[in-house]
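Next comes just one chain, in structure tokens: the form predicted on its own.
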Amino acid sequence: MNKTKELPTRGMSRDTLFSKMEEVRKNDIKWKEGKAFSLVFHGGEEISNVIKDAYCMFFSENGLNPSAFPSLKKFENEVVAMTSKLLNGENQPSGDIAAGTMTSGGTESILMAIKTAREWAKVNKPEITEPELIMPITAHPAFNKAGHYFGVKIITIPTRGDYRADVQAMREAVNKNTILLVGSAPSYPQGVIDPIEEIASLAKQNGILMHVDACVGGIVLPFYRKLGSKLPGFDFAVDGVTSISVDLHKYGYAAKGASVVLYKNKELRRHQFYVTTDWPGGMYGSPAVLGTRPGGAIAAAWAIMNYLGEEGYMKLIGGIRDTTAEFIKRIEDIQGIQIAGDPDMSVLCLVSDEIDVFQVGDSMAKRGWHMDMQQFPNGLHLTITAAHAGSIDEFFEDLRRAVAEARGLGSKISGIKTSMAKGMLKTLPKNMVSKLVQKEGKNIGAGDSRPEKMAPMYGMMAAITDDKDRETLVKDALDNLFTPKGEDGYQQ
């Protein structure tokens, strides 16, 4: 075993340093070429240059103390105001005016919404000692993380056949401990908007809060509506919606580290703040999770929103809508795969009753395409962005080949293997199954690049019936991913 990587005795020259960095990144997904369907939202070089220049201009500034940097205070307040305006924050049935803060991303925005609901309940429902929130199974795992962090029990309810939240199931789940209901606009797995109006009405009837996760759709949906798309209610214009999360570093095309969490009014937002007044270092107040807040992310968000303006976003999102329509049309022409449900925007899920979509995913990965694999149902995730307009022909050439390859492997080959594995695992003692899981887990994520085949991992996950073993498998993969490997003294 080689020793762990150490700080070099002598520094590298600038040329050597950046040459090495380029070498290291050679196995990354080629997002500039439109080959990534998640993780990166690329709006083209012109947009990239604007946000890079704005970010670098405020690279060293710290949003921890806005009074020290009035510029960041101005930027953040105006970003929040512009986002609120898009989501009818000043057009609420209650007459309230929305208020919010910027955060580092959708997860932090959701964390803050749950923390706020918990603190609100302490004041308004003090009889609740074990708070609960109810959400559809398709809601983002950040809600589970928030519940874990803040001691809020997560109750999941099923979706209907169209992948939208089953409101009747949610109604039946509401109890004396419920403090918050959740809906997505849209949900990440299938790109459909939950019945926000019904969920918000249910929340209002029960005197509790209702959060809309619009991290993916918060910028897109208002412009889809302006472009003529007929959409259900999803924002503050819906009576009963009390908070919304929306990411700017997704379809807002801001630099990474920019999201907004909005509340129906300032009174509710106050529950998000953390303050301590008895520290020898002085009074301390923080609006969100982070202390130090990168000024560059705040400045870049303000810059791109002002650079594009409504006209620029209309053009950009109009192009995305057209590209999505072309994707849907071409997918419908390929026998053996289809789109799950009826997506409300540019988020799609490919499924199949004939072939193993995970095999299709592995075949596409070999050709350089990055699509997330999903479960319940098995699917491949596509988030269509501006970058995909230029790669659509190449994508569908490769997709047709991948589908043909999967068909050649036989119908649902790993589905059959999964069924066999389930049968085998049922006959083994619990301790033996756990040992097999631990052994397999040490191989997942162990390489320095994307695994060549993800289908076997998802097949094994489906075969494991014990939640603890499933958790162990994922934690082993994380352990491997965050353990340095390779040459030059990296741990082996």
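Residue indices: 1-based, along the sequence shown. Computed from a prediction, not measured in an experiment: that's the story for all the values here.
We do not show the form predicted together with a small molecule, though everything after this point is about it.
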Between 165, 349, 110, 304, only one gets a heavy atom within 4.5 angstroms of the small molecule in the model of the complex; which residue is that? 110
Note which of 388, 250, 269, 115 lies within 4.5 Å of the small molecule in the model of the complex, where distance is taken over heavy atoms; exactly one does. 250
Look at the stretches 101-109, 191-199, 269-277, 287-295 and give the one with heavy atoms within 4.5 Å of the small molecule in the model of the complex. 101-109
Is there a heavy atom of residue 203 no more than 4.5 Å from a heavy atom of the small molecule in the model of the complex? no
Can you work out whether residue 264 and the small molecule are in contact in the model of the complex, taking contact to mean some heavy atom pair no more than 4.5 Å apart? no
Just checking whether residue 235 would be counted as a contact of the small molecule in the model of the complex - the rule being heavy atoms within 4.5 angstroms. no
Can any non-hydrogen atom of residue 179 be found within 4.5 angstroms of the small molecule in the model of the complex? no
